[in-house]
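Have a look below at one chain only, the form predicted on its own, in structure tokens format.
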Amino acid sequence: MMLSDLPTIGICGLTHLGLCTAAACAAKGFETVAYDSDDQRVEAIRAGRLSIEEPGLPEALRHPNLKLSAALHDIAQCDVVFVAEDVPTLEDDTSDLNPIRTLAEHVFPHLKPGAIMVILSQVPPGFTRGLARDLGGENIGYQVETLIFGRAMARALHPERLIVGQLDTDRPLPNAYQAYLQAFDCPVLTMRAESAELTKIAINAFLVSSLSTTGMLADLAAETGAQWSEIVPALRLDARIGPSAYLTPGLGFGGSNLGRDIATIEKLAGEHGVESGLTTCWTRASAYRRGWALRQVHSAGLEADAPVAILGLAYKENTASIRNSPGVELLRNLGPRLVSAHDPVVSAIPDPPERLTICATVEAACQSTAAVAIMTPWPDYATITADQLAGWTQARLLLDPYGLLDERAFARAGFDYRRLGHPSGS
């Protein structure tokens, strides 16, 4: 297909998912309209002021194929229109689907004849079919999003597979949509809409299961004199588990997506009489994982008011989100202790305690502390040497849950080095 014959793609909703999707479409050669009804949001993006942290995104949004717009008549020129607004997550981890429905209802009447609207935002089974029924149109489909904070652009440009949900699996996909899918040169799985909607939840459920199992076994390794890092290669060579399995122990599942999917499973299971007690175990296991650093501080015999340095406030590297952040949770549970913190992108948190100082450098955060906890595996922290840290602080308790640092070097330097899945002092 000649570039001039490629369909025009519309992306509606310029939050994290929409922006990354729009940038990827433009990079693949499609004329792309990135639409949002909030003209102030559009102007901020046009000026390069992004509210999210995502490697590669600012540069990708400058592609000449990409047009930012707050005008619906630009969407009326598109052949495939994605509804790609991020799904808000409420305090109880349930999804607020109202913004997605409102955006779809806002855009749908402006589609040109023959165009298809595809819901890319994550929704529960039945949402797409119910929306089509309410809007009175059959030209609506669903596609599973691949967003992972910190790796969103790479995954948007090079997806492992594309999963498409149809209202009628006997009908072929529109030619324009097929041309879009083919541009990504990966397997395309088509299925009924409800199956596709549940697929994304199923993927995340298996990830949660792996994280929970890994955390439990890593704790057993540490308590029995084993080292989890020695066990992992054997598991990766087992075809039933595989080389890409989630086998790195962590501090619970952060962010909002995994907790939201667990809440969705529980809601659906309750409505349909399906036993879902496993989800309670996952949630309890995640809460226990996030408490690992606090348990280490308590077990180290530090003075009750000994200050602590926290390196990393984002819930994971390459994002500014602090939702369900292990670092923030540790901060809020350290009682009266003074805390100095550093993060490469997070410079403030809501309702900070008076005992918190957020520092501009790692060195400043580590000064005059009794313990140092690396709570987010930012690459910057992996460059810290034992000599540097010994010169910055009098602390001897070093929590490195993700194993960023050279365990033996820091132990030789006199640090009480503690890592997930490794016995203390090993």
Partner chain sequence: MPPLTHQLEQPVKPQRLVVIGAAGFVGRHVISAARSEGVDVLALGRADVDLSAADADEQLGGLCRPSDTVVFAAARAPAKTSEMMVENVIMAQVVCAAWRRSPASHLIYISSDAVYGEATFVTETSPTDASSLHGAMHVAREAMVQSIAGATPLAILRPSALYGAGDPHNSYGPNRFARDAVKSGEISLFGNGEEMRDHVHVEDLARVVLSCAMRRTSGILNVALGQSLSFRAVAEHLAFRLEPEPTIHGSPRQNPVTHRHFDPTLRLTKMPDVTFRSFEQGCSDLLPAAVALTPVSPE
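Residue numbers count along the first chain shown, from 1. This is a predicted model, so every value here is computed, not measured.
There is another form of the same protein, the form predicted together with the partner chain; it is not shown, and what comes next is about it.
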Heavy atom within 4.5 Å of the partner chain in the predicted bound form, from candidates Ala183, Val107, Leu294, Leu147, belongs to Leu294
Residue within 4.5 Å of the partner chain in the predicted bound form by heavy atom, from Thr94, Thr190, Thr102, Asn333, is Asn333
(Q) Even though the partner isn't displayed, in the predicted bound form is Tyr288 close enough to the partner chain, meaning a heavy atom within 4.5 Å? (A) yes
Indicate whether Ser244 is a 4.5 Å heavy atom neighbour of the partner chain in the predicted bound form. no
Q) Using heavy atoms and a 4.5 Å limit, would one call Arg284 a contact residue for the partner chain in the predicted bound form? A) yes
Review point. Is His298 close enough to touch the partner chain in the predicted bound form, meaning at least one heavy atom pair within 4.5 Å?
Key: yes
Per contact check vs the partner chain in the predicted bound form (non-hydrogen atom within 4.5 angstroms), the hit among 136-144, 111-119, 298-306, 227-235 is 298-306
